[in-house]
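What follows is a single chain, given as structure tokens, in the form predicted alone.
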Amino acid sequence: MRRSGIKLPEHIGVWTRDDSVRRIDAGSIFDYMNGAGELYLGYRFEHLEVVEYRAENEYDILVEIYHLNSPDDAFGLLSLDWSGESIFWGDIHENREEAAARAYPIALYGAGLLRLRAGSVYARIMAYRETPAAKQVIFALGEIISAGHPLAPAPEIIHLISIPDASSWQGWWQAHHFLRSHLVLNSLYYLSHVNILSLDHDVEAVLTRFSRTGEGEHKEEVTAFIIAYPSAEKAGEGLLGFYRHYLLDHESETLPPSEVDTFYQLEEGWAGGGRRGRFLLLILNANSRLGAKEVLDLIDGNITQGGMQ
């Protein structure tokens, strides 16, 4: 099996690979999987290759290799669920950029399933029954798939949610989710059954949470969503859609939207935001208006300092 330098062995341990490789494209992905295909299509999916390893007196091992448009898309699929044991292979300590990239795992393992990102490839390797021998083979296959791919850093937009050391707010990488699709967003944080923010493959977005401990050990939390559109005009359309549909009760107060941040108290908490050029900065849920504004100001500062606007 060869694609982008990937060649899986015919034999590994006591397992033998099927001769045939099943190829899945966008038109057949829903025939292969029921209910999750839209998540992969949301990350500029090109095609999927599926192969199974079989062994006598052992359960099968399934290998799925998703070929995507860019390393950012592979990162995004892994970022949907950061749970599991972080796995690294090879010596990646010599290169400073690679060391920085280790802030986010390249592979995660749990209960017989290994998920990994390798360049523009995202892969799932699963044993139908976890055994020490199967786990060893899963890790070996993961290393083979990863070989030859440079360790890609996190998408650039992720840097916009970094928190200065002096800030009272804290963020954690397990809460960072990179996405492009409103269906992916709804799987993480339900906003609307329609695409009110005009998300598509041309945008980059990150959903995350911040927290801080206040008086009396009271914990304050903020859910933030940052979107980079291809143009300021598109960002304005997204902001308008947010006001008209998510802040429906306050439509007369917020239209027409401007670059001045506005926040309103909803049943779930404080929500609002504003536009910065081609960036849309949204607070979806905050305990207080002050907290919402402080977090947005931190993100705004990152955009300004990074010269990204």
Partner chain sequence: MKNRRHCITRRDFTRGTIGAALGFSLLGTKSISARVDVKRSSQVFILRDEKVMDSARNIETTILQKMINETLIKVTGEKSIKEAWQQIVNPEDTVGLVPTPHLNPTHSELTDLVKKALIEMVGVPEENIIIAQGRKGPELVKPCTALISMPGLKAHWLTGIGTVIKNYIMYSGRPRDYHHEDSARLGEIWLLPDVKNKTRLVLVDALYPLCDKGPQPDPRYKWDYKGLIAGYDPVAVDTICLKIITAKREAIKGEPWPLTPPPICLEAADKVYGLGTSDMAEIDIHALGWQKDLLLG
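Positions refer to the first chain, counted from 1. Values in this document were obtained by computation on a predicted structure and should not be read as measured data.
Omitted from view is the form predicted together with its partner chain, to which the following refers.
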* With the cut-off set at 4.5 Å between non-hydrogen atoms, does Y66 touch its partner chain in the predicted complex? -> yes
* To do: Please check if V137 has a heavy atom lying within 4.5 Å of any heavy atom of its partner chain in the predicted complex.
  => no
* Asked: Within a 4.5 Å heavy atom cut-off, is I161 in contact with its partner chain in the predicted complex?
  -> no
* Does the 4.5 Å heavy atom contact test between H182 and its partner chain in the predicted complex come out positive? -> yes
* Structure fact -> From R212, K234, H177, R124: within 4.5 Å of its partner chain in the predicted complex by heavy atoms is R124
* What is the one choice in S86, T131, N186, S167 with a heavy atom within 4.5 Å of its partner chain in the predicted complex? -> N186
* Structure fact -> Of 138-146, 225-233, 153-161, 112-120, the segment with heavy atoms within 4.5 Å of its partner chain in the predicted complex is residues 112-120
* Asked: Heavy atom within 4.5 Å of its partner chain in the predicted complex: which residues of 265-300 qualify?
  -> L266, E267, E268, N285
